[in-house]
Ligand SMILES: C[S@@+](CC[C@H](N)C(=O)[O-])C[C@H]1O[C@@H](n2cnc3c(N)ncnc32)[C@H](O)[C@@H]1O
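Take a look at this single chain in C-alpha cells; it is the form predicted on its own.
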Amino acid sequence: MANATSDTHEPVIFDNGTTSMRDLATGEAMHSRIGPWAEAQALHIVPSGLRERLSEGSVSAPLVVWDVGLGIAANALAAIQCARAVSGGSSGAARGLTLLSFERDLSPLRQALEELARFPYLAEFEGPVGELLSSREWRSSEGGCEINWRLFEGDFFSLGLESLPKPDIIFYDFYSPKTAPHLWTYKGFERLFKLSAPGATMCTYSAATWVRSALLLAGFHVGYGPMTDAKMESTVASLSRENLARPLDQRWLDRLGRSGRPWPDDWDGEDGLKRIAEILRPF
C-alpha cells in the first residue's frame, strides 16, 4: 500500500500510551484517552446489546449495524470481533452480521494502516480493512460466521439512506456537535428515527443536554449511557424504552430546565419542555 500520510489528520498519543487520530483543522481527537478499542467496547458494543442480539439464533435475518462515522474502524472491527466470538462460542445458530460503515474522509484510516504499531487492533484486520477500502465491501463466512461489511463514502445525510437495510443498531460516532453541527440536528435524528428498524438502539458518546433533547423530540426513548475513565456520561437511545438500562428521569428533566442550551438549533417548535416532560413520564 502506498504511503497514506493524511493532510487532514495526525496521530495523537495519550499519556497512557493509547493512540488516536487528531483533526488538524479543529484539534479534536477521534477518541478519548482510553483509546479507540477500549472506547468501542465501552460506549458501543456493550450498551448496544450487540452480543445479545447476535445470539438470537432463532432470528434468520442478519443483524444490521450502521457504523455512522467509520473513523479508524475501531467500532466496526469490534463488532466483527464480537460476531466471530458469538458464532464460535454458540451452542446453536448465531445471526449473521450486515455492517454498513459511513465515512466522508478515509485518509485517517489509510494512515493508521501504515502505522500498525500505533494501532495494534488493526493488525489482525489489515486484510479486511484494505479490501473494504479498495472494493467498498468485504465478505466473510469464517467459522460459519456470515459477515457482510460495506462502505459508503460521503456526507452521511446526503447519501441515499432510504434504500439501505434498516439498522437494528446504530453507532453514532461523528466528531463533536461543535465540529460537525449539521450531523447533530433534530431533523437529522428525526430522519434516522424513521429509517430505523423496530426496537433499534443507538449509542453515542455525546451527553449534551440539547443532543438528548433532539433525540427525544425526534421520537427516540433516551437513557444514560455508560461512564468511562474519560467521560462522566454517554447516551443510549432506542425505539423501545425496554432497551434502556437507565432511562432519563426527573434528575435530567431538572437539568434541562436549568440548561443554558436546552434545545437543538433547528428546533422551531414551541413548548419543548412540556413535550419532553410528557415523553419521559412515567419516570
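Nothing here was measured: the structure is a model prediction, and the numbers come from that model. Residue numbers run from 1 along the displayed sequence.
Another form exists, predicted in complex with this ligand; not displayed. Remarks below refer to it.
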* Asked: So, 72, 105 and 156: all three within 4.5 Å of this ligand in the predicted bound form by heavy atoms, or not?
  -> yes
* Structure fact -> Testing 63-71, 215-223, 232-240, 252-260 against this ligand in the predicted bound form with a 4.5 Å heavy atom criterion leaves exactly one stretch, namely 63-71
* Asked: With this ligand left out of view, which of 133, 183, 197, 161 would have a heavy atom within 4.5 Å of it in the predicted bound form?
  -> 183
* Asked: this ligand isn't shown here, but in the predicted bound form which of 244, 30, 45, 38 has a heavy atom within 4.5 Å of it?
  -> 30
* To do: Give a yes or no for residue 175: in the predicted bound form, does one of its heavy atoms lie within 4.5 Å of a heavy atom belonging to this ligand?
  => yes
